[in-house]
Structure formats: C-alpha cells, structure tokens
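First, one chain by itself in structure tokens, the form predicted alone.
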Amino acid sequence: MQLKKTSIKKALFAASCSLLAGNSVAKDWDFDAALMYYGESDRVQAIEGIFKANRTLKDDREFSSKLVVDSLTGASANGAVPQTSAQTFTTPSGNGQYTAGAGETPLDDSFLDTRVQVAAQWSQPLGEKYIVSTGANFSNEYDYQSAAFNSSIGRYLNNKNTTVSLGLSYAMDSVDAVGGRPVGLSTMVVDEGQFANAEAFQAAFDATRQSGGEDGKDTVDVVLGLTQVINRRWITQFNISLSEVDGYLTDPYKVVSQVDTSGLSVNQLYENRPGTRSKQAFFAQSKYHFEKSVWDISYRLTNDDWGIQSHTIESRYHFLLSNNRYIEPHVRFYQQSEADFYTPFLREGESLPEFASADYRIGKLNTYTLGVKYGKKLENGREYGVRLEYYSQAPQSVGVEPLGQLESLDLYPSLDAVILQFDYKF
C-alpha cells in the first residue's frame, strides 16, 4: 500500500509549492532509473530495478508512472526456536526438507521470488481552489498478487499557503501459498522414516492444509492531510490515517515451536493470526531550506488492534557542495512493541491459544538505519547519485522465560544488512 501514501503526499506538496514556483506550460518527460542491492548477512539478498517516468502537461496537470522489478533469494527465519542439536523441517511445498544446525536460527533456504510492480498516477487542478489525484498499482509475485487504487482531493486555503486533503485507497490482495494454506496451529509433518511410503506422507501433509488453496485480503485506507507553507523556506505536513484490513493475514510459511520443560522442540505448529486488523497512524514532516542545504525530518506514530505500537524518526540533510555536487546523510530509528499474540515458543501440555506467531517482524524490536548519498547535477537537468546505507535490526525479549536448553541459545537474533543504490535522472 505504498502508492497511496506517496501519491497523497506528492499531491499535497506540489499544491503547496505552487506558491513558490507556478507552472502552466508543458514539460518534456523526466525519467529516473535506479538499481538497488539489499543484502542481509547469511539471509535474504535482493536486487531491485526501478524506472520512473513523469510528465507535467499544461495547466499543472501531471502524469507519473513507475515500474519495479526485484529478485529475492536466500534464507528467511521460519519462526522456530534454535536447538542444541540439528533440526529438520518440511519445505512449504511438502516436496523436500531442510535442516538447521545445532545452535543455529532455523532458516528456510528455499526462499526465492521475483516481483513485478506497475504503478501510474494522474493529478490536476480542479478550478482554482482544488487539486485532485488518482492512481493505480498492480504487483505480481509467484504466490502473491495485488491490485490497489487510490484517489485524493486537496483544497487550497489562505492564499495557497495551506492545503487540506482527503485521500482514499482500496487494495485487493490474493494469496496462493506454495503447498496450500496451512491449518492454523496444525503440526508440521516431517518425514523422518515414520511413514510407510510417499503416499502416506502426502496424505498426512494434505491433512494440514485448508481446502480451496487461494485466499485474499482487502484493505481500505483513509488519509486526512494538512500541508502548511510557513514561509518561502519552510514547509510542514501532517497526516492522520485509518486502515482496515480483512482477510487472510497469516504468513503461511511461519511456524511456532512447541517445547517441553527441557526446552526440546516436540512439535512445529503453523502460525495463526486474526483475520482483521485496524490501524491508526499520525505523521508529521518538516522541510527547511537553508542557503546551501535542506533539512528534512519526520515522525510517525502507529497503533493497531493487534497491540503493536511503533515510533519512527527519520531525517535527511541535503547539503550542496561545489560544482553542483551534493551529499545527503540519512538516519532512521524505528521502535516497535510486540503483537498481543506474539510468542517465541509455546509450552507443551498447555492449551493452545486461538492465535500465535513467532515471526520477529511482529515482535518487539528496534531498528536503525545510517547512510549517506552522494550525487551531482549535470547539464540539461541530468543527475546521478550513489547511496550507501547500513541497516541493523535488534529483536527484543518479550519477557517469556526460556526453558532448559533455550537459556543458552539466542531466541532473539539480530540482523544486519547493507543497501547500495545507483540512480540516474534524465
């Protein structure tokens, strides 16, 4: 759902900035191409290509489009706890197995996917007091498809120093999980010689799957925004958003370990999440233009009925050097509380909860990003840039007492990644 937020923000910013630089004549196409590498240590590797095209027509009408193609490989944590001895798991398809060594975080190394995303956006003034924007976004992966549509309207006030807006978006996602959708909290079947033949294993595997392999979810977002030009150097923006999601929200590839009093994993249960999620967010951003630099700082607060609350602080400082060169340091800090149903493991002998997940992405965690971008503006409006960033993620303990052997193992492993991007505007 990235498109809806970007389009509303863009429409508001463009509307407010019309105070500073009006434009009523058509421009040629502007293009922006980028190639990004994202690499986690011993985990996911991704290469992403991005191509954007933008054209401003007469009377401040604007069309923009984007194509994104990315390829992901590597291994992802499946949610199971580590053990002092090797563990064997069944792949999501049921056609193979993989092993996690003693003391290692269990990683599913069958992870492989390619995603293609196409987006388009149109915005234009509506009379002298309004600006409207509408767009669509389509993406396709091996097991996931999404179609999203958005629309917003902005109203100029205070001699165009103030813009208020209302945005609405709707997304339809379809999930076709490899091997089918697991029955929530059913036990993973592992073939370790206890089945008479392949047919017997397949029957046991199929019993853990829901009927009707494909499922989906619907998302509705409403965003109320305010953009305020303070003076010719300073602009601020505030958004309040509400989001409602309904449908299949479980990750079909994650499990939760069930352990005995010694910390030994006796079962791997497929996770189960609620089928609805309500989310609220507040966003504030400020940009100030100094003589040779621009400071951009923002803050986001989110809260949902899963019990997750997050805080994000992000800042960029664009500093102009000689010969049309620039440097842009970037820092981002993110803090998140865990979902009500998050747990690193379940205890054998206790009643199973209705919902449970050991996915660190909805657990308690802190992350930070440090980076810098270097670029240069060339003739005829062309520009190139190189961005290098370091990302660190540190899951936090949620106060669940480790049992037996788990006391000596890392239940909340950290993750580090490097991001390298090259971009060129022409």
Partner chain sequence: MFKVIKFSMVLVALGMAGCSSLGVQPWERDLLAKEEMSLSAGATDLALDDHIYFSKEGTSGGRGFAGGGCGCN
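Numbering follows the first chain given and starts at 1. Note that the structure is a prediction, hence the values are computed from the model and not measured.
Another form, the form predicted in complex with its partner chain, is not on view; read the next lines as being about it.
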property	result
Any non-hydrogen atom of E383 within 4.5 angstroms of its partner chain in the predicted bound form	yes
Heavy atom of F205 within 4.5 Å of its partner chain in the predicted bound form	no
Residue contact check: Q309 to its partner chain in the predicted bound form, 4.5 Å heavy atom	yes
4.5 Å heavy atom contact, A100 to its partner chain in the predicted bound form	no
Contact test, all of L67, V132 and N272, partner its partner chain in the predicted bound form, heavy atom 4.5 Å	no
Per-stretch contact check against its partner chain in the predicted bound form, the hit in 80-88, 228-236, 100-108, 124-132 (non-hydrogen atom, 4.5 angstroms)	228-236
Interface residue in the predicted bound form among S265, T187, T343, T219, criterion: non-hydrogen atom within 4.5 angstroms of its partner chain	T219
Proximity to its partner chain in the predicted bound form, single hit among K58, R55, K376, R361 (heavy atom within 4.5 Å)	R361
Heavy atom within 4.5 Å of its partner chain in the predicted bound form - qualifying residues of 180-211	none
